[in-house]
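Take a look at this one chain, the form predicted alone, written out in structure tokens.
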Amino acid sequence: MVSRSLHHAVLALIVFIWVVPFVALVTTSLRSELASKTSGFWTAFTPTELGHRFSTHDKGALEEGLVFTGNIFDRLNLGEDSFPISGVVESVLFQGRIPDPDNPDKTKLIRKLVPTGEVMDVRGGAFRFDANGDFVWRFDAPTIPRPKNLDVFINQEPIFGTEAYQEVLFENKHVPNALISSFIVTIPATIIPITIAAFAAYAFAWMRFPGRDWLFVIVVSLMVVPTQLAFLPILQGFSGIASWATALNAWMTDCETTSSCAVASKSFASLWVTHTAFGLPLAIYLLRNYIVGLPRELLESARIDGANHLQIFTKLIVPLSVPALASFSIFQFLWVWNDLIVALYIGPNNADDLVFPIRLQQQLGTFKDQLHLLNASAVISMIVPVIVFLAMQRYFIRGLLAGSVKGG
């Protein structure tokens, strides 16, 4: 009983650690810039006291009179469609000069919070406001008062909007471009290694050839090679290929007249090759362990019926290996989509071709303290892998565990 409770507690802690940051990101991205800067995300679901500044009226909007009325919320919400302010007015900050009781011939500057219902002097008139935002401004003689900016504190009702997403997706062209670039990189970098690995896994599982076991050991050993260690030879290799391609282009075409002979060493193709190379060892290991656990009798029956290796692979192995293929696809897709370091060193450095993780990292300097925009970009980058995982999660555990207790 104690052991089960401990397991539940650990599981709840893991869920809490993963869910809270995601809720924080989504919540902050749906809040206004002021709210995200002045209060934590945990206050977004309950009324929160926030400060705002409003003007009593627009310049030239009033005619001469003794009494002027208005509403604080109406003034605050002028031109505001995304996050209209509502709630209860708590107080208004009064700032002005009053006679100094210690020096009758002088005045002193005071600042104090005036609660609802209390009269305050604003430009020579008696200003009074209510909790619902209505205010009355009375003068002893007909006058046309100049507008006055006042700071008001409101116990504000929770409100959410999609303004940050609209700004990130439609007003900033870099984010849509980064999304397209990430798809261009991720989809081939997932399909290519899983295709090659499926053929290789079948060969290691059911085909006999000299050095098969040793070759499999070498492939599996490549999983322990650090990614950073391979950057230098990879970069040197791509630079050499680019130099050779540039020379070939200059020899075969008249590109020199247009100065278009140069072939970039960093491109989407270089990312496809690099991600394929890094993903193949794990893919071959997982798929081989799954395929080797399939019933031998099924394959022998196919051979008796005259099927060759290609027919067995395409008509039997692939349909039966969908769980393993799907589980690795999730791994590879999530890794490539969220990859920063490989894309930073191997990928294209053109501003229009940057993948989303690099663009998100650069937005730390672009948006600075605009947390709602940063979090909106982060949520957008998370939506795609979350959809992929939820769509294929039924295969995930089954594919990972299959073959784990069987040997080949």
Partner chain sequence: MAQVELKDVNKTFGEVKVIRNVELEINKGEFVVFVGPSGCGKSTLLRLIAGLETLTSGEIVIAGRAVMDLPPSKRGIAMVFQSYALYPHMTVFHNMAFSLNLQGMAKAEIRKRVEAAAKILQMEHLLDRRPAALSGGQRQRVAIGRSIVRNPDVFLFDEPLSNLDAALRHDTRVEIAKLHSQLGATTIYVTHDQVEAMTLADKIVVLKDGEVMQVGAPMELFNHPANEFVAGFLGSPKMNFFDGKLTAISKDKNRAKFAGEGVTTKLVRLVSGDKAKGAKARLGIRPQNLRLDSKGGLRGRVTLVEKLGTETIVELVSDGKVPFRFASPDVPALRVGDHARFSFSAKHAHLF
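This one's a predicted model, so the numbers in the text were calculated from it and none came from an experiment. Numbering follows the first chain given and starts at 1.
Unshown form predicted in complex with its partner chain; subsequent notes refer to it.
A.B. asks: Its partner chain isn't shown here, but in the model of the complex which of 109, 223, 229, 304 has a heavy atom within 4.5 Å of it?
C.D. replies: Looking at 109, 223, 229, 304 one by one, just 304 meets the 4.5 Å heavy-atom criterion.
A.B. asks: Counting any non-hydrogen atom inside 4.5 Å, which residue from 243, 77, 311, 91 sits next to its partner chain in the model of the complex?
C.D. replies: Selected option: 311.
A.B. asks: Quick check for you: of 144 to 152, 111 to 119, 69 to 77, 296 to 304, which stretch puts a non-hydrogen atom within 4.5 Å of its partner chain in the model of the complex?
C.D. replies: In the other structure, the partner sits against 296 to 304.
A.B. asks: Please check if residue 173 has a heavy atom lying within 4.5 Å of any heavy atom of its partner chain in the model of the complex.
C.D. replies: No - in the model of the complex, heavy atoms of residue 173 and its partner chain never come within 4.5 Å of each other.
A.B. asks: My question is simply whether residue 316 lines the interface with its partner chain in the model of the complex - judged by any non-hydrogen atom within 4.5 Å.
C.D. replies: Within the cut-off, so yes.
A.B. asks: Though only this chain appears here, would residue 320 touch its partner chain in the model of the complex if you measure heavy atom gaps against 4.5 Å?
C.D. replies: Because a heavy atom of residue 320 falls inside 4.5 Å of its partner chain in the model of the complex, the answer is yes.
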